[in-house]
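Presented below, as structure tokens, is a lone chain in the form predicted on its own.
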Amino acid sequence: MSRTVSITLQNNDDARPIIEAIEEDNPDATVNVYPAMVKIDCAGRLIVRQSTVEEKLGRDWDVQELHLSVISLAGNVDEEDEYLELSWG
């Protein structure tokens, strides 16, 4: 049984393309939308890929920009130039 990881982002125009990219890259994720935040849960592993966010935004995007929209994270963070991954492994 995999433990659930999660990322919670602000629910605003800056975060929406990131949320769309996360949904695309993590089809098994559960997205819960609240008035001021969006909480995304996923069993085992969740990844935010730079290339997918750049497709959604139509511009270059630095993974570090993610932190401007993050409210909370649950899981161990592996962050590189091309992605941010959450897992418990």
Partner chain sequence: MTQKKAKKLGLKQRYALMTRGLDWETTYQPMDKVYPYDTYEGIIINDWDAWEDPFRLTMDAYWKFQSEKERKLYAVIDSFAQNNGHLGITDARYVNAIKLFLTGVSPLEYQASRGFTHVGRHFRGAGARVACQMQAIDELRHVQTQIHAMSHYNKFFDGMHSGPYMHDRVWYLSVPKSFFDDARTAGPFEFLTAISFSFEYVLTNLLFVPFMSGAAYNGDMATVTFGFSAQSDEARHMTLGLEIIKFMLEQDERNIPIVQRWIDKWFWRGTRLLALVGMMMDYMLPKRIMSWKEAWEIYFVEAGGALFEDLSRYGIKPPKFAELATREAEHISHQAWGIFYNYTHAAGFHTWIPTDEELDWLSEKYPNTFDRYYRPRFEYWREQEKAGKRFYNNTLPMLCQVCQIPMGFTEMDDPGTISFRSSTYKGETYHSCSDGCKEIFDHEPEKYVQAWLPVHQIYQGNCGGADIEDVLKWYHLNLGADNLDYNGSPEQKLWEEWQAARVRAAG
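On a predicted model such as this, the values are computed, not experimentally measured, just so you know. Residue numbers count along the first chain shown, from 1.
What comes next is about the form predicted together with its partner chain, which is not displayed.
- A residue is said to contact a partner when one of its heavy atoms sits within 4.5 Å of a partner heavy atom; Gln64 meets this definition for its partner chain in the predicted complex.
- Contact annotation for Arg49: none of its heavy atoms lies within 4.5 Å of its partner chain in the predicted complex.
- Contact between Glu79 and its partner chain in the predicted complex is found at the 4.5 Å heavy atom cutoff.
- Contact check for Met37: a heavy atom falls within 4.5 Å of its partner chain in the predicted complex.
- Shown here without its partner chain, the chain has Val70, Ile71, Ser72, Leu73, Ala74, Gly75, Asn76, Val77, Glu79, Glu80, Asp81, Leu84 in 69-87 lying with a heavy atom within 4.5 Å of that partner in the predicted complex.
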